[in-house]
Each structure stands twice: as structure tokens, then as C-alpha cells.
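The data below hold one chain only, encoded as C-alpha cells and taken in the form predicted alone.
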């Protein structure tokens, strides 16, 4: 029997209600802030991610699914969305010439790592990216959208971690990195093998190491907060001012640097204790130099991404509103089946979901099928109903049942469905 590869899941209908709830909440929040959807390729030339994420990051060095096409060009299944969105933004010059642009995306990402709770080889993300302004308001807007999405899907027990890693100037992050390198150089023997390599390439990334020894060392490391230049301090203060005005609680973490090289100034994570070691379910920050590194004009930008599977682990599915089936039609065969098929067409044309089994056996078996499908209503057409062009309409939640003319069935169901018009195609 063929099976799916490790870390790659099938998503069956019984999980889709909760899944759709998360994606639907994200789409609505993005709509409210005027973010428009972009569909980015599932694969890119490998250099997109090597340049965008940093060729020394764990994602690029250890976790990408990379292969050659028939022309010998190296391709990679996308491990994250930002680099692809930036590549698309730059390669489509019309967008890069806009004063500002707002995008969001949804879809699968791929990383070649050991599968575990909250960490899959194929996983799904949604994210948003803003291009065009260094104003701290947009850092706040990005954070506020993820905050709103979390609340909409029922995630309450989370913390928002916030930091600024400054800019690359010598009197800001540049000077801090020199001091940080000196600190860890004195403790080189206590660092893991990866962090000893990072010490030479990018000491800042040691702060993102999850190894117990390295994580304990960073507690005594110098803080970036003491090294920010005046402009970066002002920007960071502006972000916090907007968050405070919106009553969005946060906790400052001076060692929050994120695991990607493109970040500047603001970094943030949404974390929870309910995910074990993989405690972040959303994260992002500002990346003011990334567009230019892709060949675009200098363009400040900020964005975030969230993991759908991780959010589902935190939110759960117990209170997710089911899409369910509106109507299941039960029939006695013969003329009753013919009328049931006709009524099913009428209901579907009215935007009401309907199903039936043309090979239906006993009423009992068909009613059990209606229960299994979580139908809101059951329409019963027996021999007597068929003779009078009628049907019995049963509300499955209340058990109430009444016999009505078949031609009134669609109108009565439409009236009874509380969410009719929110995706049922109402007039």
C-alpha cells in the first residue's frame, strides 16, 4: 500500500471546517486593511532563497528541498513566502513603481527537517507584506492584523514578543555585533558546532539558537537595546506607541532576532506554551533592504507569516462552526426519486447545498446517512408525498417536522438558514 511521505499530511473534510475558519479569518482581516491576495509560485530558482534568507541560515543550508531542472538550473520548493513575494514585486516593475503596495498570500511551504509536533515537511502558511514606507504605523498594522486573526479563531493564551534589532550602521547594529562577537568568542568552547560557525559569519544568529547551552549563554550577552541609534530608537518607540494606543499587550525581548538575515529594526513573534519546543505560531518584522538586494529600488517593507497547522493545534477545532450540509433528501425510489432529483437541482440553484443517494435503500439507512453528513435539514419524499407533489421537511437540530408543498421547500429552507447569504449565493 502506498503511503504519504513522513511530515506530509492529507487534510480530510473532517478537518476542513477548522482549517477554513483560520484561513477565512485571515482573509477577512486582510480585507479590512486593504491587503490584496497574491499567488506566488510553489518553486523558485534557488538563488531567490539563498539571496533572500541568507546563504548561512539553517533554512538554506539544511532545510530546503532543492533539485535541478532539465536545463541544469537549481530549483527549490519554497520554504517561506516573503522572498517569493519580494521577487515577484521586483520582477513586476509596475508594482515596484507604486508608492506603496499591500499583499497577502496563503499556501503550502516545504522544509526538509525532522517531522514533529507543529513542524512538518509540507506545512501551510498565510502571510502579509507591506511595501513603501518606513513609518512605524505599518509595523503596528502588520502586528495588529495577526493579533486580530488570533482572537477571531479563539487563540487567547498567547504572548506577543517584540524587539528592534536596529539598522546595519556602525553606530547601531554594526557596533552591537562587534561587541556580541567578543562576548561569544570568550565562550566559544561552550557553543554548539553550528553556533561556532555562526560566530564567524553572523554572530547575531547565535541568539536564535534553541540548543540549551547556547540559549543559556545568551542570558548574559549584551543587549541590542543599549546600542540602537537615535533613528532606530525613535522607530521602535513609535511601534510601541501604536500598540499601546490599541491596547495590544506585548513583552519586550532584547534577544529576539528571528532566524532570517533580512530583518531590520522591528522583529516580533506570537508565542504560546501549548506548542512545546515549537512555541511560535506567527512571526515577522521589518526588512528595509531586501527589495534593493533583489534589484528593486530602495523600498522599506514589513511583513509576517503564520503557520496554519500550529494555529489549529492551539485553537483546536471543538468550537469551529461546521460548514455541514444544508439538506439531505430521503426518497422511496421510483417517482419519489425523480422528484427528489428535481428538488435537489432546485435547491442547489438557490445556493442551498443538497445531497441524496439515488440507490437509497430503506428510509432508516438514508436518515442515518443524513446524520453522518451533519445535514441541517432532511427532506423526505415518500410515495404519499410524491403523489401530492409534497415533501416532509425535518429540522435536524430541533426534530420538528412538517409536510409542505415541494415548491415551497427552497424558500422555507432559505429563511431558516441563519447564515444564508454569507456564502450561499443569496439574491
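Positions refer to the first chain, counted from 1. This one's a predicted model, so the numbers in the text were calculated from it and none came from an experiment.
Note that the form predicted together with histidyl-adenosine monophosphate (HAM) isn't included here; everything after this is about it.
S.K.: Contact with histidyl-adenosine monophosphate (HAM) in the predicted bound form for residue 258, defined as at least one heavy atom pair within 4.5 Å: yes or no?
M.R.: Contact with histidyl-adenosine monophosphate (HAM), yes.
S.K.: Is residue 307 a contact residue for histidyl-adenosine monophosphate (HAM) in the predicted bound form, using a 4.5 Å heavy atom cut-off?
M.R.: Result yes; residue 307 sits at the interface with histidyl-adenosine monophosphate (HAM) in the predicted bound form.
S.K.: Is residue 125 close to histidyl-adenosine monophosphate (HAM) in the predicted bound form, meaning a heavy atom pair under 4.5 Å apart or at it?
M.R.: Contact check for residue 125: yes, within 4.5 Å of histidyl-adenosine monophosphate (HAM) in the predicted bound form.
S.K.: Classify residue 208 as contacting or not contacting histidyl-adenosine monophosphate (HAM) in the predicted bound form by the rule of any non-hydrogen atom within 4.5 angstroms, answering yes or no.
M.R.: It does not: once histidyl-adenosine monophosphate (HAM) is placed as it appears in the predicted bound form, residue 208 has no heavy atom within 4.5 Å of it.
S.K.: Please name which of the stretches 132-140, 174-182, 297-305, 160-168 has residues with heavy atoms lying within 4.5 Å of histidyl-adenosine monophosphate (HAM) in the predicted bound form.
M.R.: Stretch with heavy atoms near the partner: 297-305.
S.K.: Among the candidate residues 235, 111, 242, 102, which is the single one with a non-hydrogen atom no more than 4.5 Å from histidyl-adenosine monophosphate (HAM) in the predicted bound form?
M.R.: Result of the distance check: 111.
S.K.: Please tell me which of 88, 325, 356, 280 lies within 4.5 Å of histidyl-adenosine monophosphate (HAM) in the predicted bound form, judged by heavy atoms.
M.R.: Looking at 88, 325, 356, 280 one by one, just 280 meets the 4.5 Å heavy-atom criterion.
S.K.: Let me test this: is every residue among 58, 203 and 221 within 4.5 Å of histidyl-adenosine monophosphate (HAM) in the predicted bound form, going by heavy atom positions?
M.R.: No, none of 58, 203 and 221 comes within 4.5 Å of histidyl-adenosine monophosphate (HAM) in the predicted bound form.
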